[in-house]
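This document starts with one chain, in the form predicted on its own, laid out as structure tokens.
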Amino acid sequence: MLKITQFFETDVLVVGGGIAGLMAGIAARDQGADVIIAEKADTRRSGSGATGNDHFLCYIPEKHGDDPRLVLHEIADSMLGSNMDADIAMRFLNESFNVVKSWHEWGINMRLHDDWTFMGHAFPGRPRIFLKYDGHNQKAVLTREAKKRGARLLNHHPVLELIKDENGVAGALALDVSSPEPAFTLIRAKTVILATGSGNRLYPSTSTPGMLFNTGFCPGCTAAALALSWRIGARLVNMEIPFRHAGPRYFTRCGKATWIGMYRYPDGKPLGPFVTKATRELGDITGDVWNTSFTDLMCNGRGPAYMDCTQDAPEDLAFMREGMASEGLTSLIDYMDANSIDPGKHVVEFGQFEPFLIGRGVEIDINGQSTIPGLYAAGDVMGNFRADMGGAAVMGWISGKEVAAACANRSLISAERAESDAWLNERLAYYGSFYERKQGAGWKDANMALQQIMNDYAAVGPHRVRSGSLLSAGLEYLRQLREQAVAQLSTPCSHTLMRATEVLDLMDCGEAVIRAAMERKESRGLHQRADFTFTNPLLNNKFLEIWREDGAVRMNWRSKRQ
């Protein structure tokens, strides 16, 4: 049986070394807490912000005035605002400028042309809320800052389970994948911050089914935080309506607002009414407002939809190319160069990507704390607030400060109790069995089977519907798949064992999605029910919470917080 070979203790364990995780670790260390950041890959280049970003949602008084509610109103009308508790959003906005200034001081260029420059994702005549910046080096800079402060970076250590006692969270069991032979690491912690990123690979790639890693966000982000929380009873929220992003079809990359162009029908007519000519300041927000347009046009025969930059001035095209490098789209630039694709001459087809989990997940309060004492969450795993890159940075910073203060009132679980726990030994045997099984099924088979079930029985719109009977069948097939996976998975090395645990986490998320979708007896957004075709106005300002308690799945409707 695989053994625990490393033992650590710390005040704060950060699970995930992306933008949110690194910022949480930096903030906690600045408050004097001992910090370990456990990352499944390497913090220098991991997560959805691995290669860069160029838009950062924030509030800067000198640009927006004295009232942050102006920005709050714009968020509500953006692609980010539908699943938002306003009290968290206000806490985020009031802290955001301090984080922006810190990033700039550390060496991430947040001031294009020596100014705070807001552009993209914007309506004509309305305030612009996305700061344009150059984030190509953001992961290297934040890793340096975390190390400089003395945070311990535990790379190649995905967390498999959270340890819980009568006082709340107490630590974690991690898998050491730094060598081909796997081993376990036990970390006792007073507090834990979950920052594992968005949930990808739950549904098949819309552009290239069967290619598991052709995703717009990091394919290694598989909603581990949601599954970890689910298994110890934390409340999840908004799980029933996954999100769909959009960008270049087939070459699945995000960064819509980096493109300075207009969305057009094949005959050249604009898709939307917002601009007649794209500018650096505005772009074309049609892709945010009418996010389903790319799928709608393919289904009604009026497509495809194209991004047209052919009217751009040469200086705007050069600016766009610089923005693509800042956004981390260097592979897209290389591909266009290698194949003589010139956005100034050629239109580029855009498409809607597969459903994934972002801004759906762990329910938090304004401090980032979950419903489990000592357990916090930040970044894309938050279920009741979303602000993408800015949200990850700022909420990571906030949660890091808060957990450092919380440590004063929490103590470590004893090593003897943690190591002798029967549940822990059962988990060691459970995960070790996949490595010890010499013949069996591979993790890719299980992942594609999961995607097929979710796509067929818990489909996400547009032009796809759910129903009670479909969802019930999907839940049963998911149960059978889990049983078969546990009985048959074979992982000959640490890397494949890690991938198998990702799929098992996704199965937990799939169960939460299906069960919550069964409870939402209405049609709303991308959640379309054939048996409840109307939108229920009584649910307009409601969130659906779902959690496990005493072996049963429980749900509750609550009002959005103001």
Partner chain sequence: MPPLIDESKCIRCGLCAEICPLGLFRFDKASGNPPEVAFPDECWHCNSCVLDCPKKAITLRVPLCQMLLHRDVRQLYDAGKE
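Residue numbers count along the first chain shown, from 1. Model, not experiment: these values are computed from the prediction.
Heads up, the form predicted in complex with the partner chain isn't pictured, but that's what we're talking about next.
Engineer: Choose one stretch from 307-315, 415-423, 271-279, 483-491: the one whose residues place a heavy atom within 4.5 angstroms of the partner chain in the predicted complex.
Structural biologist: Only one stretch passes the 4.5 Å heavy-atom test: 307-315.
Engineer: Answer for Gly171 alone: is it within 4.5 Å of the partner chain in the predicted complex, judged on heavy atom distances?
Structural biologist: Contact with the partner chain, no.
Engineer: Spell out, yes or no, whether the shortest heavy atom distance between Ser331 and the partner chain in the predicted complex is within 4.5 Å.
Structural biologist: Within the cut-off, so yes.
Engineer: Quick one: is Val347 in contact with the partner chain in the predicted complex, heavy atoms, 4.5 Å cut-off?
Structural biologist: Yes, contact at 4.5 Å.
Engineer: Wondering, does Thr208 line up within 4.5 Å of the partner chain in the predicted complex on heavy atoms?
Structural biologist: Result yes; Thr208 sits at the interface with the partner chain in the predicted complex.
Engineer: Hey, with the partner chain in the predicted complex, do Thr143, Gly199 and Arg466 all fall inside the 4.5 Å heavy atom range?
Structural biologist: Checked in the predicted complex: no contact with the partner chain for any of the three.
Engineer: So the partner chain isn't shown here. In the predicted complex, which residue out of Phe213, Phe123, Trp290, Trp106 has a non-hydrogen atom within 4.5 Å of it?
Structural biologist: Only one listed residue qualifies here, and that residue is Phe213.
Engineer: Which of Met448, Ala441, Met336, Ala406 has a heavy atom within 4.5 Å of the partner chain in the predicted complex?
Structural biologist: Contact residue from the list: Met336.
Engineer: Can you name the residues of 114-152 that have a heavy atom within 4.5 Å of the partner chain in the predicted complex?
Structural biologist: Residues within 4.5 Å: none in this stretch.
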